[in-house]
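Only one chain is given next, in C-alpha cells, and it is the form predicted on its own.
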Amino acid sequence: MPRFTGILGKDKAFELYWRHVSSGRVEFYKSVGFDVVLGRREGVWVWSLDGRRLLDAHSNGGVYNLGHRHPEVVEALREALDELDIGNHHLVSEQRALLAEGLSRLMPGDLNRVTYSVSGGEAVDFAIKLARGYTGRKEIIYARGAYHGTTGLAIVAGEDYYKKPFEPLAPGFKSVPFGDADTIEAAVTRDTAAVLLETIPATLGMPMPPNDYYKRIREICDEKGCLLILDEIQTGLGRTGRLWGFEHYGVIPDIVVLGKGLSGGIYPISATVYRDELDDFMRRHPFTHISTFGGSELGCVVARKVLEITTRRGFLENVRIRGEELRRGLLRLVEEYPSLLEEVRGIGLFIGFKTRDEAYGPLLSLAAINSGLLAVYANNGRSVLQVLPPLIIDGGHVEYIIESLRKAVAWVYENRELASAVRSLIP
C-alpha cells in the first residue's frame, strides 16, 4: 500500500499547492488543461494521481537518464544511509574524493579538478566565479536564448523572461546568437573572462551547432586568452550517445558543468569540472566558494553508481540505436504532416521535434499527455517539443513514443485553430 502517493488526491493536491506553493503555476496549469499530479513512478513510466500511465519523455530535463527509481541507484543510497549522512563540507571527505577521481578519469585532457554544488545553477555560478577569478577579467559571453539556471550569476546568462523582474543584475554579461562563431569572435574583448555555452541549448529548442563551431570558438578563446565553459547539465552523461556532448565536436573545454542526471533522480548533486591549470586560483583561495550541501556524501555515493551504470558496455550504444530509431520515426511524421511539422533536431536521445508555429509546441505537449506521453515544449523555442526519454528505453518504448506522438500530432492538426488561444495563455 503506497504511503507517500495518493494521500491527497488530485483536487486536494492542486488546492494545497495553490494555497501554499505557487498559485500562479496552478492557475496556468488549469487554464491550459494540464492537470497532472505525479503519483507512482517506476523505470520509464510515471502515473498521475488519477491513474493515467505516461511514458516519461521529459525526464525532468535529463534528471531521469536512468529512469525513475533505478533499483541499483536506490539500493546504493539505502546502503549509504546505514553508514553516512551529508558529511561536513569543511572537512576532507573520502566520498567527495572518490567521485572526483571517477569524474576526472572519464573526462578528456586535464579536466581533473572538481567543485561540487547542489543545483546546476549553483554549479554554473561557480564556473563563472572561477573564470573571473583565474583570468582577472569580468566579461562573460553567452548565447541568446540560453538557460543556465536561476541563481545569482547563472540567471544573467539567460533570457529576459527569467531575469528582468530581478534587475539590477550583475554586470559584465554580453549575449550573442547561438551557432555563429563570427559574432563570438567580434564580441570577445580584452576583458572577456569566458565564453559560456550549452553544448546544444535545450531550452532554445535544441538548435544544432555547425560542425566546426566549437573548434572555432576553442581557437578564439585560446587566441584571446579567455576560457571556454560548456554547460553539459542536459547533454552530459550519455544523453547524446557519447558520454559528454562536446565529444561530438572534437574540443576540450576549460570548464564543464554537470548536474541533473548525476543525481540519478534520487539525490541532488552537481559538479563543475575544470582543468588543472585553473586550480592555481583555487589553491590560493581555497575557502572562497563553499556549499554546505554541495557534494553531500550521500549524493556522491549515488553519483558514483550513476557513473558506473552509464559507462557499462553497451549502454551508450543503446542510446545511439534508440535515438536513430526514434529519429527515423519522427521524420516519417514530418513527411506526413508537412504543414504542421518542420524538422527533427538533436542527437542520440536529445531530440527536438520542431513544429511550424510557436503555439504548436504547447498544443503538442497537451496532446501528448492525452496520448500517454509526458513531453514538454522548449520555453525559449516554443515551436519545439523536447523529446528526452530515459536512456534505458528499448525498441518497444521507441515504438510507443512514436505512436503516441502520431496520435498527438493528428489531434493538433485537427485542432490547429486553437493556436491563437494558446498564444494568449502562455506567459
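In this text, all values refer to a predicted model and were calculated from it rather than measured experimentally. One rule holds for the numbers: they count along the sequence shown, beginning at 1.
Below, we refer to the form predicted together with a small molecule, which is not included among the displayed structures.
Not one of Trp244, Gly261 and Thr310 comes within 4.5 Å of the small molecule in the predicted bound form, counting any heavy atom. Heavy atoms within 4.5 Å of the small molecule in the predicted bound form map, among the stretches 141 to 149, 329 to 337, 99 to 107, 84 to 92, onto 141 to 149 alone. With the partner removed from view, the residue among Gly133, Gly121, Pro207, Gly294 that has a non-hydrogen atom within 4.5 Å of the small molecule in the predicted bound form turns out to be Gly121.
Though the small molecule is absent from this view, in the predicted bound form it lies within 4.5 Å of a heavy atom of just one residue from Ile233, Val306, Ile255, Ala157, which is Ile233. Interface residue remark: Asp125 is not counted as part of the site for the small molecule in the predicted bound form, having no heavy atom within 4.5 Å.
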